[in-house]
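One chain follows as structure tokens, the form predicted on its own.
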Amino acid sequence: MKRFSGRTALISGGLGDIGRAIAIELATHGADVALCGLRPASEAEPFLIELRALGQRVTYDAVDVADADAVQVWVERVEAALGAPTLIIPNAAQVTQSDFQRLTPQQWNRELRVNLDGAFHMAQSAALRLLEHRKPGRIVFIGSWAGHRVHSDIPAYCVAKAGLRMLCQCMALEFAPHGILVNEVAPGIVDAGLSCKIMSGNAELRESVRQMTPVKKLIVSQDVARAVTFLCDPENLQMAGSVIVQDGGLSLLAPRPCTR
């Protein structure tokens, strides 16, 4: 039997590079998958077909995770369709490249609402449903090494991810006695999303980043997905409030010149 058979995974930011990789990894191991994002359902359909080919049930809803009521409705809808989610992955994120002198209040508010508030809304809504059903579960936040290292070009993102880490630890302490284990995966410079766009078409920059990383390899979305799967494993019973820093050793060095 596959390790996640009979379980439902809830993934926000499900159409991004990391969200897609997590969905494929969990579905491959037997989980049904519920995705959300800001894009219309029509754009999600090709990916849903790919996931269904793995033999799992899959849903997608357009949801703004910054809207607490919308998140609660989504969680209830998923439970009605697939059963109560027991694998919860708050992954949706937004990044604004700007120093503090140019950062607008609107940009600051939106980043904290998506990256921190949105993660809270999703984790809390799903955890409360698990408590009601007396079910164990796993919550894995997708953080960043920017949560503990200063990145002067993305300060709002740094602050949000630092808050996410404390959110993870506070929730972990409260929910661990109920069998709901809360942890975080904190990637470094991932060859996906914003970082990939920055490096795209710039072979010199890509090679510079690779050489700068102590392990001499760029992180890919599948690396993050495998770390999430490890934390979700039903046999992983002792990790609560832990952070897997997945940055290839970058945190051991001086601040880097490129964003995640």
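Don't overthink the numbering: it's just position in the shown sequence, from 1. Because the structure is a prediction, the values reported are computed rather than measured.
The same protein has a further form, the form predicted in complex with a small molecule, not shown here; the description that follows concerns it.
A.B. asks: Looking in the predicted complex, any heavy atom of Asp233 within 4.5 Å of the small molecule?
C.D. replies: Outside the cut-off, so no.
A.B. asks: Examine Pro187 and determine whether its closest non-hydrogen atom to the small molecule in the predicted complex is within 4.5 angstroms.
C.D. replies: It does: once the small molecule is placed as it appears in the predicted complex, Pro187 has a heavy atom within 4.5 Å of it.
A.B. asks: Report yes if any heavy atom of Val65 sits within 4.5 Å of a heavy atom of the small molecule in the predicted complex; otherwise report no.
C.D. replies: Contact with the small molecule, yes.
A.B. asks: Do Arg110 and the small molecule come within 4.5 Å of each other in the predicted complex, heavy atoms counted?
C.D. replies: Yes.
A.B. asks: Since exactly one of Ala93, Val75, Leu87, Ala123 fits, which has a heavy atom within 4.5 Å of the small molecule in the predicted complex?
C.D. replies: Flagged contact: Ala93.
A.B. asks: In the predicted complex, which of the stretches 23-31, 225-233, 204-212, 37-45 has residues with heavy atoms within 4.5 Å of the small molecule?
C.D. replies: In short, 37-45.
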